[in-house]
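Taking the form predicted alone, here's one chain by itself in structure tokens.
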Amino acid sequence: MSRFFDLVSKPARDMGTTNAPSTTLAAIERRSQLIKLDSNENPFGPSARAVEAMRSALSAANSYPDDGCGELRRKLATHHEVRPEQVLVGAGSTELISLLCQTLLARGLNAVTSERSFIIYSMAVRAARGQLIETPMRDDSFDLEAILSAIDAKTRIVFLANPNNPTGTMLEATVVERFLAQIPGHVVVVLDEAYYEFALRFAALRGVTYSNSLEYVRQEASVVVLRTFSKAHGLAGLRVGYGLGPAELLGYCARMRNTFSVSSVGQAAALAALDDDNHIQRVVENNVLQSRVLSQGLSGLGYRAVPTSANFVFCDLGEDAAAHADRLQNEGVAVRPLGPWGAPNCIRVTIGTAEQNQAFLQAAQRVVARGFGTGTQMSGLAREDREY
């Protein structure tokens, strides 16, 4: 037994180690030379406006930031047509997830979501000493009937990642509306829309409605909508996200938030990023075009690529994904093996630039040419051509 085993909390003991990459100097150097398609980062980075705002904010870095993120909250409220007290800004949407769990959960209470969803849900629920109930998936997406059946008197939160990470699948607005109509009053539904901008464009191309989530916020329903500046806005390194929901509930969550959790540089960048529609359009259009390139390339190699509504592609290799990811890394490309998500034969590939995606597909072809990956079944483009 280790020195601190009996001293640390049960969640800390049970959580297990993270799958963070090695921090040795040699590992850091190797990773810096990789094409990183493993973390769903924006390949174009932040907008020029955001970069300039960051530079300007640096001169005041000796002062603490606005703890309540007042200017950013007001701007987000105007942007989304809600009241400022219905907006809570945090250090990425992950902090908002943790705050909701700390506020709503305790020992003996539970949260419900699907298997193969955002891995942070499990970590946040367990850290709050709650139980996470994960229901089986249906066709790589949430089985909402199964989630409804799993809700009991001790359930306080339902997490719906829409689109889902890591499968990239999307729930249409009418489906979510029918689901919410059946949720009991003691449950808060968290609509995690981290990939909102990408999903909105895909939905328009497919002729469907993606989300009416803000209508629920305006009605003060028991719904919290999570958004982030990490993805389409390209500010992942600054950790700025926000929740939109009932003012009373977010007020309780705010009491649990760490002081000064969002830096002044992050707040300045987010304020500027909100105004740069041209940057978002460039990012989103590249994502649409390159999602098709990646999906067709992976299908051509004999893998099952699931049509995406996000900025990544979920791919079933039909073989050990961790070993396959290691081979790709030796070829200079990092992708995410999904064993920790309960999908040991699957990888998640971030949609990069045209050059990055071609480099990945060429690396994948070299791996196949050496005799790896031949155990998979040819499936053609997943679900025919439903990508648009």
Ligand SMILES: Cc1ncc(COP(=O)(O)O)c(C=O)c1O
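Residue numbers here begin at 1 and follow the sequence given. In this text, all values refer to a predicted model and were calculated from it rather than measured experimentally.
If you look for the form predicted together with the named molecule, you will not find it shown, but the lines that follow are about it.
> If we define contact as a non-hydrogen atom of the residue within 4.5 angstroms of the partner, is Lys231 a contact of the named molecule in the model of the complex?
Lys231: contacts the named molecule in the model of the complex.
> At the 4.5 Å heavy atom threshold, is Ala161 in contact with the named molecule in the model of the complex?
Within the cut-off, so yes.
> Can you work out whether Tyr195 and the named molecule are in contact in the model of the complex, taking contact to mean some heavy atom pair no more than 4.5 Å apart?
Residue-level check for Tyr195: yes, a contact with the named molecule.
> Can any non-hydrogen atom of Ser291 be found within 4.5 angstroms of the named molecule in the model of the complex?
No, Ser291 stays farther than 4.5 Å from the named molecule in the model of the complex.
> Check each of Ser264, Thr94, Ser211, Thr155 and return the one that places a heavy atom within 4.5 angstroms of the named molecule in the model of the complex.
In short, Thr94.
> Among the candidate residues Arg73, Arg201, Arg304, Arg239, which is the single one with a non-hydrogen atom no more than 4.5 Å from the named molecule in the model of the complex?
Contact with the named molecule in the model of the complex is made by Arg239 alone.
> Given that the partner is absent here, state which listed stretch (217-225, 74-82, 116-124, 168-176) has heavy atoms within 4.5 Å of the named molecule in the model of the complex.
Contact criterion met by 116-124 only.
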